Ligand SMILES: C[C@@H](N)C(=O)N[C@H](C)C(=O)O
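Okay, here we've got a single chain as structure tokens, the form predicted on its own, with questions on binding and movement later.
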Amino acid sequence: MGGLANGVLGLWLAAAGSPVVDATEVVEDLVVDMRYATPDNFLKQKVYPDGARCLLLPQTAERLKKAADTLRAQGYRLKVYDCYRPIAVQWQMWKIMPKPGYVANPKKGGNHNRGAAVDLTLVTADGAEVEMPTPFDSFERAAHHGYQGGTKASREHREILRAAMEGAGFKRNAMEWWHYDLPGATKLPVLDVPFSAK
């Protein structure tokens, strides 16, 4: 794993005038749980460096703030699992699951690679987890937005998140309750920016 991490880190080049912002500087009460900086993800390995931040395009971060403001009034906060994703990590994911719809083909790049997608969930005002239909990164039917099984509470929480995110101008991913995109994101460039603060 050390070789992979070092190889991936070598591809994260510093660039002056970064096109992305740290989402925690826009959404001050954002909870950050970058799952790919831990082994707690579908890859079962750490592929982000320690100190990985939730980086987003400014317009993505501003929409996230709008959603967070809406949810705060309802007693919730947002917790992010993934934001900007380096293209080298996209290749690693594609090797494990080359399944469009779940993992973007790295030849084209996905919206995470553009800073234009965010994976997230709800937590209470004090940061406690709320029930959702599935865990993050679940590739089962229960993760789909149209799924009507599971508990009433899990479906209600999914809908509260969806309403806030779509109300802020995001587009949902039909197969992943946690994934939201900036409209028109596929027309934006794939980025290569540093993860960690200097």
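Numbering starts at 1 and follows the sequence shown. If you're wondering where the values come from, they're calculated on a predicted model, not measured in any experiment.
There is also a form predicted in complex with this ligand; it is not shown, and the following applies to it.
Visitor: So this ligand isn't shown here. In the predicted bound form, which residue out of 104, 87, 80, 71 has a non-hydrogen atom within 4.5 Å of it?
Guide: Here the answer is residue option 104.
Visitor: Within 4.5 Å, heavy atoms only, which of 62, 33, 137, 40 is in contact with this ligand in the predicted bound form?
Guide: Checked against the cut-off, the match is 137.
Visitor: Please pick out the stretch from 25-33, 160-168, 52-60, 137-145 that is in contact with this ligand in the predicted bound form, where contact means heavy atoms within 4.5 Å.
Guide: After filtering at 4.5 Å, what remains is 137-145.
Visitor: Can any non-hydrogen atom of residue 93 be found within 4.5 angstroms of this ligand in the predicted bound form?
Guide: So residue 93 counts as contacting this ligand.
Visitor: Can you work out whether residue 173 and this ligand are in contact in the predicted bound form, taking contact to mean some heavy atom pair no more than 4.5 Å apart?
Guide: Judged by the heavy-atom cut-off of 4.5 Å, residue 173 is in contact with this ligand in the predicted bound form.
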